[in-house]
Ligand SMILES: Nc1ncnc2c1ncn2[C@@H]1O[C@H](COP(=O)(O)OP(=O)(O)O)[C@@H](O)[C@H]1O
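For reference, the chain that follows is the form predicted alone, supplied as structure tokens.
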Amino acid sequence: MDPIANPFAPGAGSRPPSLAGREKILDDVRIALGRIKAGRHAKSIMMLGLRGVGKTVLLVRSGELAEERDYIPMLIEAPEEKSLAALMVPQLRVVLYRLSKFEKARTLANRALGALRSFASVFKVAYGEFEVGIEAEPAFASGDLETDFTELLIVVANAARAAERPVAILVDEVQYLEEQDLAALIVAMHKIGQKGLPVVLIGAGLPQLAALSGEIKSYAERLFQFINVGPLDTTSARDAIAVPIHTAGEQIDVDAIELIVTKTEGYPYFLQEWGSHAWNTANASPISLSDVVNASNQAVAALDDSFFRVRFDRLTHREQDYLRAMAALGKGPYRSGDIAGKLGIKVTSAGPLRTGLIKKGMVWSPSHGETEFTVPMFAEFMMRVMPDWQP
């Protein structure tokens, strides 16, 4: 079949042709956006889930929904080892220049730009030049991140309220923020909520984010609506394959759909990968069971070369051993003692490895003493990439 007409989009954050099964999540986002714009209270949102469930896609779509409702969105990805100040300053600068175009918000927006200049100076964030005439605000120079960022965001929010243009802060990979940065973000949003100001935070991160937020600030569980983003249910997974194919004017056999759903376990990224390869493998419509069987090896190879390999290559040899020991134990979650036993080392010696893997976003702890992969089907990949492994 014509690869140019292939409707599937297997890519990092690429929007699939059908957001099947995500209606409830997007409805929650719409409600929060609507209430905050109307001056009513709504919790900010944190989407939690494993790799490949489509969190980034949902975050981007949330930004679109915000813009449709006259919000000014700022989409940020929190990479490892980059500070909150470095992430926020360039984005807030753009937001404030947009707000300064509104006559009724100009004075407040210019004051906020002065506050931003002071904040950038104190936290040593360098980028471009501020416009002539924008003076730094000395009050925003305490050097305490929680205090300064909170005061800065309040001034930005006041300008947004004057302009009647709410601000949506969208942050991907929130779990990579340093503890003090996450604390500052939580405190700032807490104050924004108390004052009823028109700023909403919509974040996305790995499952450990809820517990991490609660450990940093006990009120975080009341501040955020934590939404679990998991694999699609069977009906939605079928739709994610069938609807794009039918919309493109082609057909797929029912047993072919069922095999794709089984192979992918309903994970959206894998559905896109299998759907794409099944389309390209088929000579003609309808896509058959044999087409999917033939495409499966190609789909697995593509995942190994990109989705899995890019994460594997970031690991030290000892970290690779740790994950391979997990895979050797079968299906998780895995007890820390069992992993250490498989490695032939003490639990105390394995602890730093586990901590490092959590920081890299490779594993998480579903409950005390348990470890699980953050990447679906990574255990099978580890068996393929290290077939002759010995502890």
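These numbers were taken from a predicted model, which means no experiment stands behind them. For every residue, the number given is its place in the sequence shown, counted from 1.
There is also a form predicted together with this ligand; it is not shown, and the following applies to it.
When contacts are defined as a non-hydrogen atom within 4.5 Å, all of G11, A20 and V57 contact this ligand in the model of the complex.
Using a 4.5 angstroms threshold between heavy atoms, I36 stays clear of this ligand in the model of the complex. Of the heavy atoms in T264, none are within 4.5 Å of this ligand in the model of the complex. Heavy atoms of I287 never reach within 4.5 Å of this ligand in the model of the complex, leaving it off the interface. With a 4.5 Å cutoff on heavy atoms, R51 counts as touching this ligand in the model of the complex.
Heavy atoms within 4.5 Å of this ligand in the model of the complex are found in exactly one of 266 to 274, 89 to 97, 186 to 194, 107 to 115, that being 266 to 274. Interface residue among A160, L232, I257, L209 relative to this ligand in the model of the complex, by the heavy atom within 4.5 Å criterion: L232. Note on contacts: among A168, V156, A278, A240, the single residue with a heavy atom within 4.5 Å of this ligand in the model of the complex is A240.
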